[in-house]
Structures are given as structure tokens and as C-alpha cells.
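Listed next as C-alpha cells is one chain, alone, in the form predicted alone.
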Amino acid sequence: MNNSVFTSKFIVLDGPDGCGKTTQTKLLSEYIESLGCKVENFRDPGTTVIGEAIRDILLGHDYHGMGDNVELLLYMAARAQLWKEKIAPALAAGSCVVMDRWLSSSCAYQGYAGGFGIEAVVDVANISLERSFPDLTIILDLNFDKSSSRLGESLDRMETKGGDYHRKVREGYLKFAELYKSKKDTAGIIDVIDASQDIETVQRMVLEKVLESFSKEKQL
């Protein structure tokens, strides 16, 4: 494949905690780099000085009383700064940006599990961010029993919210995909992959989806 199809593309792999998105983001980035395209990875929330300070607040155990609306606004603030400082310049320089969270996370966590509303989260994003949706969002779907077994012993504030909350998070990701999968003109390409299989199988499915998505786009 010509590496030009990845020039200035914004790709997000997302899903419940423990679904393997960090691993798959690394493997996808390595593949794209092997084609000769520069890849940038940033963490959401984080990377910038402001984003890392917000991350400490969002994930630290001193803030258990935080409301879902407060979480949402903090995530959006971190993303706005990340876009300005890192993502926009990287895309403008022709790099491919690959990340393991973005708007889809807030839709699942604060929007669905937290009750704020998925479409309301998108409304807030459209007001807060210069760009709400990436070119491609791949949801790595995994049920709570399997995803929770993959987490380590040291959990952040979001990871300690309990099984009922995280089961809703998974439902939220699937609902997000259902709501926006057909809206490619405004939401980019969105798809769901079964992440219950081994790393190599999931990697192959991710690559197939990425190549299929951008090959079709190149032909249009």
C-alpha cells in the first residue's frame, strides 16, 4: 500500500479498560511507520503540560466526588489543548496521528455510563474542540469479565468505579458506534472489532479495517 493514504490521517483505537487498545495502537503505529509514513502518538488526557495536570485530577484518588459533567469538561479541556499543541501541527506536517482514546471515550464513560447523554457529549465536543471526530475510530469490544481480568493491581480513579459502571461503559461504546457509524460525512469512519481473541488475531483485524477504510477512500 502507498504510504500516502496515511498522510495527515487521525486514527483512534478505543474501548473499555483492558480491551488491549494501547497494545494495538503500538502495533498499528509500527505497521504504518514500516510503510514510510511518520506517526505521532499522544495520550488522552495528557501529553501537554496542561493536559498532564488535568490527567492527575481526573485519574487521582483524591477526587472521588467528581461529577460526570465535571469529568467531561475536564476531558474536553485537555483535548482542546492537545489538539492545539500537538495533534493539529502533526496533521498539518503530514504525519499520521494514532491514539488510544478520544471523543468516543467520553461518549461511553460520561455520556452513557455517567448518564450525561452520548449526543450531549458530542454537542459539547463540537463547541469545545476544533475537530470532534477522527478520520477512523475502531472500537475494540470486550465484555467486562474479560477486560477486568486484564487490568493490573494498581487502578486509577476511573478504573475503580465498579462492575456495573464498566458494563455500562461497554454498552456505551456499542451505542456510540450504532448512533454514528452511518454518519461518515460528519463522524468519520466508525467500526467495531471483537477484541476477545489473541493479540495477533486482533492486530490482523485492525489492519484489515484500517486498510479497507483508507483504500476505499483513496478510490473515491
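On a predicted model such as this, the values are computed, not experimentally measured, just so you know. Throughout, we count residues from 1 along the sequence that is shown.
Unshown form predicted in complex with ligand TMP; subsequent notes refer to it.
Asker: Only one of Ile57, Ile193, Ala177, Met158 comes within 4.5 Å of ligand TMP in the predicted bound form by heavy atoms, so just point that one out.
Answerer: Of the candidates Ile57, Ile193, Ala177, Met158, Met158 is the one lying within 4.5 Å of ligand TMP in the predicted bound form.
Asker: Using 4.5 Å between non-hydrogen atoms, is Tyr75 touching ligand TMP in the predicted bound form?
Answerer: Close contact exists here: in the predicted bound form, Tyr75 approaches ligand TMP to within 4.5 Å, heavy atoms only.
Asker: My question is simply whether Ser147 lines the interface with ligand TMP in the predicted bound form - judged by any non-hydrogen atom within 4.5 Å.
Answerer: Because no heavy atom of Ser147 falls inside 4.5 Å of ligand TMP in the predicted bound form, the answer is no.
Asker: Using the partner position in the predicted bound form, report whether Phe133 sits within 4.5 Å of ligand TMP, counting heavy atoms only.
Answerer: No, Phe133 sits far enough from ligand TMP in the predicted bound form that none of its heavy atoms falls within 4.5 Å.
Asker: Would you please decide whether Ser105 lies within 4.5 angstroms of ligand TMP in the predicted bound form, comparing each non-hydrogen atom pair?
Answerer: Although ligand TMP is absent here, Ser105 would touch it in the predicted bound form, with heavy atoms inside 4.5 Å.
Asker: Within 4.5 Å of ligand TMP in the predicted bound form, counting heavy atoms only, one of 75 to 83, 136 to 144, 88 to 96, 123 to 131 shows up; tell me which.
Answerer: Correct option: 75 to 83.
Asker: If you apply a 4.5 angstroms heavy atom cut-off, which residues in 124 to 146 are near ligand TMP in the predicted bound form?
Answerer: Heavy-atom contacts to ligand TMP in the predicted bound form: nothing from 124 to 146.
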